[in-house]
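Next up: just one chain, as structure tokens, the form predicted alone.
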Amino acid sequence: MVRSRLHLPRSPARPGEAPDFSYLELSPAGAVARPQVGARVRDIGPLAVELVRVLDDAGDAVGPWNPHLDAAELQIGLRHMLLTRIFDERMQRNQRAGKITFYVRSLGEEAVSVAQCMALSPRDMLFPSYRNQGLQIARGIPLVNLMCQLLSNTRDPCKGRQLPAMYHSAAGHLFSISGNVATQFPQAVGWAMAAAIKGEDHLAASWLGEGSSAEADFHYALLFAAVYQAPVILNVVNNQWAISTFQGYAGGEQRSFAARGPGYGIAGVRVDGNDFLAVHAVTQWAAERARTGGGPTLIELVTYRAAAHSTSDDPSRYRAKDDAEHWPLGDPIERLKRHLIRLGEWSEERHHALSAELDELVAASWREAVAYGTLNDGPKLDTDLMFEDVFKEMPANLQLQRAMMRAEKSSR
């Protein structure tokens, strides 16, 4: 008699083993058809299992998904991605030097945030995860603001109430990042439903990692988005690892994460997350679909987390040491740079000059940020802030507590 056995997903390469990405299903650049924006979900099922790619190995843009962006816009995208990477590197060093307490890098995933943000309207509401700092940069949020939040100093936009790297910007239409994974998905759907009720032309977009797709909030969001045809783009950033857990534990072995969309009646698209042009094109397609009453889209961005999960993580304990160097889809910055050079609109010399310029921008921003306070030196946040932004009218018990605190401070 054959007995059933419990299946345990296995990581493709453990420490000490050779990197192995043979499990990854790829499509040739330019090979995936681009359906009409209004196509029925039942007719576009292959989009959820194939891989939309535009840039080929030579750096040329090919196929029906080519968004035909002009060189100036591509250069802006390259600048945003490069600034994100340099900012990340500086903040990583600052954390290791004890100048900030915690940091989360987006190394290798810069195209996800930057290309998608550039494909959306400035007034679309974004609900990021903690690895989407490229959204902040593409929306023009000053680096000083981000650094002050990491320092929790007197210019901290979150007033000391958020964990490091949990940014927000009302002016930039960036919702506050939540440390509780996946809560941003139903929040984005709710915002999109409200926008539709009010007859607005804006949509919502949200991001989470493939590991977070195992959370119940992910499924609540898809159900509500499907039932009410909410104008929302829900992005699963499949960077292969949920901290130390390989994506197979979130269900990636069985089918693509994008394939969960059609099961709910939602368009699902799987895209090369390291291809700036492909990411931009797919996001633009989904945005037009949402704005014209076509409903939500679930996008799976296939990428790789080249760095540690956070400054609290050591990836050498659970995956091959040099696996990022063998990732088949390459580096998003290098690929866009190569494309611009092929177009005759960029050069290694210009790239080097831009890197130096952005490095100085990050350094100057840090010098300004620490002037507003550091972890160990003043000035410090006003303690009165803890009583604000909670109640429209402060109740009597909090008024009393604030008065007692002020009296204690004045007596010192």
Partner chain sequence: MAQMNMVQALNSAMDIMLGRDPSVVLMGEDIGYFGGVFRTTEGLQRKYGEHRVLDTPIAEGGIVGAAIGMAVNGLRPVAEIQFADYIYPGFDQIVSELARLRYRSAGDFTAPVTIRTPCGGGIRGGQTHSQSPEAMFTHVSGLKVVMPSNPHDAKGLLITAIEDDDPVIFFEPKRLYNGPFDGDPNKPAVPWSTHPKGEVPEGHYTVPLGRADIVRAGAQLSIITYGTMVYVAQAAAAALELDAEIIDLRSLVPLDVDAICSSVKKTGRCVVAHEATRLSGFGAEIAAIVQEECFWHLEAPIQRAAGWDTPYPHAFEWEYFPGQARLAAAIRAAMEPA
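The structure presented is a predicted model; accordingly, all values stated were derived computationally and were not measured. Numbering follows the first chain given and starts at 1.
Here the subject shifts to the form predicted in complex with its partner chain, a form of this protein not shown in this document.
None of 112 to 120, 136 to 144, 337 to 345, 159 to 167 except one has non-hydrogen atoms within 4.5 angstroms of its partner chain in the predicted bound form; the exception is 159 to 167. Every member of the trio L8, V181 and Y249 reaches its partner chain in the predicted bound form with some non-hydrogen atom inside 4.5 Å. A residue is said to contact a partner when one of its heavy atoms sits within 4.5 Å of a partner heavy atom; W327 fails this definition for its partner chain in the predicted bound form, lying far away.
Although the partner is absent here, W366 sits far enough away that none of its heavy atoms falls within 4.5 Å of its partner chain in the predicted bound form. With a 4.5 Å cutoff on heavy atoms, E215 counts as touching its partner chain in the predicted bound form. In the predicted bound form, its partner chain stays beyond 4.5 Å of every heavy atom belonging to S310. Residue-level contacts in the predicted bound form: of A287, A281, L78, A242, one residue has a heavy atom within 4.5 Å of its partner chain, and it is A242. In summary, among the residues F87, Y103, Y304, F175, the only one with a non-hydrogen atom within 4.5 Å of its partner chain in the predicted bound form is F175. Taking its partner chain as it sits in the predicted bound form, the stretch 367 to 391 comes within 4.5 angstroms of it through a non-hydrogen atom at L375, N376, L381, D382, T383, L385, M386, F387, E388, D389, V390, F391.
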